[in-house]
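There is one chain below, alone, in structure tokens, taken in the form predicted on its own.
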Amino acid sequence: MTPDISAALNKSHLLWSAASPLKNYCHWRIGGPADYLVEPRSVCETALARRIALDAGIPYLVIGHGSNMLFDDAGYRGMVIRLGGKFAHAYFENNRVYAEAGTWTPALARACASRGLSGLEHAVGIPGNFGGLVFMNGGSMRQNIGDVTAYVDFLDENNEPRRLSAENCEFTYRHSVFQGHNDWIVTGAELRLTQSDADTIRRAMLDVMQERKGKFPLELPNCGSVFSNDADLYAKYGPPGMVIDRAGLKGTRLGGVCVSERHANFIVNTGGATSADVFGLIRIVRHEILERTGFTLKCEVRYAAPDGRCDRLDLFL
């Protein structure tokens, strides 16, 4: 820790802690300590936290619920800015809803259902925060959050608040313009939903949850789908999970991680897993699939290196 940074954080009245174990802030339950962890309560506090990091010359990383993240065993030598439950308000007006980045996605989906607003049924089982969902253009059942987004608010590289219409967000499968701008921070977005019957929406959500419960290994720590769909691979061999399954890789273990027996596109923490274990098992799977199909699997999961870099995990292999 640097005394000057600690003093600046104390003076700012931000909520922060030192040497926070990052395994407590991701679904894989893997990761060493961050030098500083800040939990902003507003757009202004988010900008202030980043300004303190920039002025101090240390790396910063913005996260949500950590559902799609792998942190390193060595932790993070900088500031982690977590947009979570303290920055999680949602505002409703007719068929429009505005949600802040820290909003828990399943809770938002259920709140929309209670008001008879349809369009987020597919997201009720996605275990992540709203800002990350927008950043990744996440979704399920061949639907994406970009399908119902009107605009996205963010802080730009100069820490100024800006707004982009959905047309300018470059939403495609698991992609948005924000992934190409590591210095932009999604702070909220407005959705335009469809008025429908609340009971019908709830039944659809129950169906989604039942399907997820039967299909995915929810009982062990994991990051969701590890590998992203590829149109050419899908057309020739099928989705990644099916390809990995047919390669006989279900149940493959390395250290504390294992390719799930229930769904082969999930890697689960069976106890005491390390980031090195995850890297090693992903290498094994990618090598085997390349040998069998000629396709190189890309990762959905993002990796935060101790030195401040953060990107798709496969880009670090």
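These numbers were taken from a predicted model, which means no experiment stands behind them. All residue numbers refer to positions in the sequence shown, first residue = 1.
If you look for the form predicted together with a small molecule, you will not find it shown, but the lines that follow are about it.
- For the small molecule in the predicted complex, the listed stretch (160-168, 230-238, 131-139, 90-98) containing residues with heavy atoms inside 4.5 Å is 131-139.
- Contact with the small molecule in the predicted complex, judged by any heavy atom within 4.5 Å, is made by just one of 69, 30, 49, 281: 69.
- Out of the listed residues 223, 79, 243, 148, 223 is the one that sits within 4.5 Å of the small molecule in the predicted complex by at least one heavy atom.
- Within 4.5 Å of any heavy atom of the small molecule in the predicted complex lies no heavy atom of residue 259.
- At the 4.5 Å threshold, heavy atoms of residue 212 reach the small molecule in the predicted complex.
- In the predicted complex, residue 110 stays away from the small molecule, with no heavy atom inside 4.5 Å.
- When contacts are judged by a 4.5 Å heavy atom cut-off, residue 201 does not count as touching the small molecule in the predicted complex.
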